[in-house]
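As a starting point, one isolated chain is supplied in structure tokens, in the form predicted alone.
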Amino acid sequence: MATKAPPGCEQIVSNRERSMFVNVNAHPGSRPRTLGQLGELSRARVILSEFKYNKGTEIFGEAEPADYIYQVGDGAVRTHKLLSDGRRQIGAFHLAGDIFGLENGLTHRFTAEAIVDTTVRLMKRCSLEHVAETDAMVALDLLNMTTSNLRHAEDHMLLLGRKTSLERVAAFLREMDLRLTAAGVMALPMSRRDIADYLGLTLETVSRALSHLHGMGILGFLGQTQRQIVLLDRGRLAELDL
């Protein structure tokens, strides 16, 4: 018997939210794919909705209520903060299958935007927390996700604070190689400006570092945008990311 959700946890989308994205569910009764990273959730207990965000559209803003948890269906999302001097610091890139928007407080600490046209699944945070109260596997999945987010934040802090510009770019390429490479090609959805803001570098520094790695024979470019990268020597790239 399914437990009743706490008051206020119904899957209601406000008019403001409706103006931000378009529901791509074919029919009201259709069932979105499961939130794989959360394991075998009963769809009778946790309802997933699927929405389409156009390139550059804000998904949620910093300091807004963290009422939903999100998963990238296809496309890519960046989360960032605007610093007091107007600079942008990107905290993470979220790719297909990634969960984001899971906060330990009541509000979002970053702003999330679609890098390209992106499909996102979302669920009410309180609905998931309600299920976690009685489902140990879901509770464990939430703990693992929180731990993973903390590990990424620590690694990113080390990258920004201790590594040279070339080491930062090498670390970024190795991260994306694990997450993106298919058929030997790394197709980056993000621009070099995004990469620069993620690594705490200037656009020019990122371009010089990529050109240097190209000249060393570590990577090659496909296409005019140079967003498709082929890693030719992963061993030498790893030596730069120590």
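Numbers follow the displayed sequence, beginning with 1. Since the structure is predicted, the reported quantities are computational estimates derived from the model, not experimental observations.
The discussion below concerns the form predicted together with another copy of the chain, not included here.
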* Listed range touching another copy of the chain, judged in the predicted bound form by heavy atoms within 4.5 Å, from 213-221, 53-61, 200-208, 178-186 -> 200-208
* To do: Report whether the minimum heavy atom distance between residue 137 and another copy of the chain in the predicted bound form is within 4.5 Å.
  => yes
* Asked: According to a 4.5 angstroms non-hydrogen atom cut-off, is residue 48 in contact with another copy of the chain in the predicted bound form?
  -> no
* Are any of the heavy atoms in residue 172 no more than 4.5 Å from a heavy atom of another copy of the chain in the predicted bound form? -> no
* Determine whether any heavy atom of residue 119 comes within 4.5 Å of a heavy atom of another copy of the chain in the predicted bound form, and answer yes or no. => no
* Residues from 71-95 in contact with another copy of the chain (non-hydrogen atom within 4.5 Å) in the predicted bound form -> 81, 83, 84, 85, 87, 88, 89, 91
